[in-house]
Ligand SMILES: Nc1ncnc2c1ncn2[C@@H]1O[C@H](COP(=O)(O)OP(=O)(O)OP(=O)(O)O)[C@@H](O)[C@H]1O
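Next up is one chain by itself, shown in structure tokens, the form predicted alone.
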Amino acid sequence: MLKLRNIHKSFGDLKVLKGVDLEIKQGEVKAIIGPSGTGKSTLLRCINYLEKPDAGEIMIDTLELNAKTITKQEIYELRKSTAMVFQNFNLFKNKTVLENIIESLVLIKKMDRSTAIEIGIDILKKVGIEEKKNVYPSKLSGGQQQRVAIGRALAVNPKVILFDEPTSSLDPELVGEVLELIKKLAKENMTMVIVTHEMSFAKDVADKIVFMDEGKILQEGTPEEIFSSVTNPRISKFISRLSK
């Protein structure tokens, strides 16, 4: 469904991604783990061209994009199929919860406002925050803001949702509500790619786990293969350090 082939990305002389290949099947949840600064978030941002890869190909269903020849129209088509949930929420501070949800439906999908509001209310029910529909983001907890951000991603009916450290900006007591919502989406066969430092969550929710190190995928496998049966010393060291 979604394939990455030989993705490269540098910032100046710093090579961040060094030929990444990755495939995500429809309905699959992949968690990307690994040390900080190893390119996980950059890879996610390259998938929907918030960062432009220097080289490589991205394929989603019948759409095939080459970093060397990609057009603005192709980027637009790619972004219609993907949605991003950021660690810092990125909500419109001057818009209510409901307005944040329906913004893309009205402006991008050209939906009439009444229909967009109906869809928006349904989504707010789904993410468990309907009672806050007329509240501004500044009046919400971090967990509530992230649930709004997930609702906004769901609104465009994407083929894939990309999560970039969705709990890293939350107080510890608020992490659970966001993780439970993502687990709920996983049970509904939502295709998701999740960059996370929450190892127990990755183990619990992911079909496959990808371990990245120094801009490359070092290993991919089931949670059992990565956490319990791993033979790679680099991964073993990383996991054992986190579990201490």
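Numbers for residues come from their place in the sequence shown, where the first is 1. Keep in mind it's a predicted model, so treat the numbers as computed, not measured.
Same protein, other form: the form predicted together with the named molecule, not shown, and the subject of what follows.
Is it true that 183, 188 and 200 each have at least one non-hydrogen atom within 4.5 Å of the named molecule in the predicted bound form?
Zero of three within 4.5 Å in the predicted bound form.
So in the predicted bound form, does residue 54 come within 4.5 Å of the named molecule, heavy atom to heavy atom?
Flag for residue 54 set to no.
Hey, in the predicted bound form, does residue 24 get a heavy atom within 4.5 angstroms of the named molecule?
Residue 24: no contact with the named molecule in the predicted bound form.
If we define contact as a non-hydrogen atom of the residue within 4.5 angstroms of the partner, is residue 38 a contact of the named molecule in the predicted bound form?
Because a heavy atom of residue 38 falls inside 4.5 Å of the named molecule in the predicted bound form, the answer is yes.
I'd like to know if residue 42 sits close to the named molecule in the predicted bound form, meaning any non-hydrogen atom pair within 4.5 angstroms.
It does: once the named molecule is placed as it appears in the predicted bound form, residue 42 has a heavy atom within 4.5 Å of it.
Just one stretch in 63 to 71, 29 to 37, 171 to 179, 200 to 208 has heavy atoms within 4.5 Å of the named molecule in the predicted bound form, so which one is it?
Residues of 29 to 37 come within 4.5 Å of the partner.
Who in 155 to 185 is close to the named molecule in the predicted bound form, meaning a heavy atom within 4.5 Å?
Contacting residue: only 165.
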